[in-house]
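The form predicted on its own is given below as one chain in structure tokens.
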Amino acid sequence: MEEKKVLFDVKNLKMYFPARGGKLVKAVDDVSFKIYEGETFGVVGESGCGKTTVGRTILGVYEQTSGEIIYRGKNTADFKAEDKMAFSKNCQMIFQDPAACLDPRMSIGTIVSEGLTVHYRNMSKAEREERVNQVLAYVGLTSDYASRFSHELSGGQRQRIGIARALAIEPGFIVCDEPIAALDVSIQAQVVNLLTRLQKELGLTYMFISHDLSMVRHISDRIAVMYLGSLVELGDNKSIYGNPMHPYTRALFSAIPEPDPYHSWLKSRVHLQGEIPSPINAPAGCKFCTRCPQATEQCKLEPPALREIESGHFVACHQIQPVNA
């Protein structure tokens, strides 16, 4: 069996933001994981859990508070100017809010070709226009859209422009931050099928961030579950959805709508009590202990480590012991 190549090796990543009174918002708090070449690495969790911040931090949009981001065996903190340029070409992002990331003063053609201008300086104007038309066609838009401006487009069309912009310079890794949230259901399937096809054809690697648990299950090879800035469970698609172990993961997955009315009656819904604590003042022990029905005194005092419970299946919970323990 061929050994998987590690694209990103993230170690003890922390991303803190200053808040009033000298306090810190611990958006990402000691997170470690690996992303392998050619896979789709799904990240799920409630709003505010740090999913988007993780994606932006590993791409260098934010400078991490501490921890290491190893890309192809090299620490991004040690990158020189030429390394940063190559990294920015190979690693792109599809942002969550298309309206906020498209310059209203620039035409769509200029927006999509901006990366080409930076990274392909020898490309002629005609070649750039041809590439823009090609990626617009990828996302279901005609070449006429190149002359339009973002305020003339619907939310779904803007999101497709964001996808086209990311694809234009042919990256190898894309952080997909809620890439289908603003699209109609029929278009969602088209975009996901497009991303899947491009991944196979071009050997792309994705970090797929989404609230849509069913879509994450459909597209992801491995999945990380986040809660209040921390990883609580990590494993392959089959183990995470087939055997969720962490109490938060079970509660999260129990909320997935069941289309079959018969099975929806049989499905047991887990109702969590209380509200999510503030990332400024998180619990001292396990961050989920204030809402977990299984919490003990140990949970309230000692943060659980992310441990391998089964082969490739990691869980951060004191109440769950490794199979061979």
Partner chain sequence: MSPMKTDWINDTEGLTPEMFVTVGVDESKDRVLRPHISYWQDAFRRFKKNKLAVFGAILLVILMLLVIFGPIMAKHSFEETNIAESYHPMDKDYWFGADKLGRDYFARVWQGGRVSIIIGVSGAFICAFVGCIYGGIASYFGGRIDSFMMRIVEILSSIPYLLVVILLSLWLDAKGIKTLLLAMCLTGWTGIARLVRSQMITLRQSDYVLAAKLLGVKPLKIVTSHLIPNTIGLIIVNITFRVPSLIFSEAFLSFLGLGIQSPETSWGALCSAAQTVFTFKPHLMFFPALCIALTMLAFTLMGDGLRDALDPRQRK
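Remember, predicted model here, so these are calculated numbers, not experimental data. So that the term is clear: the rigid core is the largest set of C-alpha atoms that superpose within 1.5 Å between two forms. Numbering follows the first chain given and starts at 1.
Heads up, the form predicted together with its partner chain isn't pictured, but that's what we're talking about next.
In the predicted bound form, its partner chain sits beyond 4.5 Å of every heavy atom of Ile70. Using a 4.5 Å cutoff between non-hydrogen atoms, Thr142 counts as a contact of its partner chain in the predicted bound form. Remark: His151 counts among the residues lining its partner chain in the predicted bound form, judged by a heavy atom distance of 4.5 Å or less. The closest heavy atom approach of Asp103 to its partner chain in the predicted bound form falls within 4.5 Å.
Judged against its partner chain in the predicted bound form with a 4.5 angstroms heavy atom cut-off, the residues Arg56, Leu59 and Ile169 are in contact without exception.
A single residue from the set Ala77, Val118, Met123, Ala137 has any heavy atom within 4.5 angstroms of its partner chain in the predicted bound form; that residue is Val118.
Exactly one listed residue, out of Gln92, Asn133, Ser230, Ser239, brings a non-hydrogen atom to within 4.5 Å of its partner chain in the predicted bound form: Gln92. Shown in the overlay between the shown form and the other one, fitted on the rigid core, is a CA shift at Pro98 of 2 Å or greater. A displacement of less than 2 angstroms separates the C-alpha positions of Ser88 between the shown form and the other one, with the rigid core held in common. Core-superposed comparison between the shown form and the other one: the C-alpha position of Asn75 differs by less than 2 Å.
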